[in-house]
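Listed next as structure tokens is one chain, alone, in the form predicted on its own.
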């Protein structure tokens, strides 16, 4: 079994997920690139990384809401690479659900992608992670305990993800560490239904460090948590100081 560490990143074909993949791959990790529907982007990313280091990247398609199949992601990593050292829960649905207008379908999508899938994936991955002394890092949100108007179901899901992080940190210790990062304004969501140009400008004005975050900012924090052997149950804000002023 190769000693190069292996990380499974969900929702990794594009945007923040692809940034995390490139950052960790450049630092010696082998990567399982999970995607739901964007096969072209995931395949192109894996091809790019395998050209740089042969046999170091694997794209795997799965709908995370099909929780019965989540063990297949773990199996794919073990079959391809022989080990699993880390899981990064990045995949996330995001759209407005104001009170009075949300539906059970929205609940299933938002809580399913942001909480249910990460929890069931953690359960599936725990035995393999225990074998390597591995870890789980999830992407929460500073609004989990500072709710943003109009995002009720997303807020509930991310608050649950924070509770999941702390609960799993206790349940899976000492063999598996479990942490999270809580971004503020990073890459803006596609579309402007929540954060239009005026709202983005307003938010930018509240960030003490004077800029929005980047995928590399998140990746650097995640890489730190992956290599911090005495940290578990931590939710690390990666927000340029915005949570201080909210």
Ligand SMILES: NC(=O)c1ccc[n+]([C@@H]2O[C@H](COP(=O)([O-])OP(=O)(O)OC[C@H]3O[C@@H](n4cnc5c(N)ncnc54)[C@H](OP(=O)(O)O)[C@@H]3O)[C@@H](O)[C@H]2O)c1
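Numbering follows the first chain given and starts at 1. These figures come from a predicted structure and were not determined experimentally.
If you look for the form predicted together with the named molecule, you will not find it shown, but the lines that follow are about it.
Note on the interface: of 198 to 206, 59 to 67, 43 to 51, 25 to 33, the segment with non-hydrogen atoms within 4.5 angstroms of the named molecule in the predicted bound form is 59 to 67. Contact check for residue 97: no non-hydrogen atom falls within 4.5 Å of the named molecule in the predicted bound form. Interface residue remark: residue 155 is not counted as part of the site for the named molecule in the predicted bound form, having no heavy atom within 4.5 Å. Using a 4.5 angstroms limit between non-hydrogen atoms, residue 151 is distant from the named molecule in the predicted bound form. Using a 4.5 angstroms limit between non-hydrogen atoms, residue 91 touches the named molecule in the predicted bound form.
Along 167 to 184, residues 183, 184 each place a heavy atom within 4.5 Å of the named molecule in the predicted bound form.
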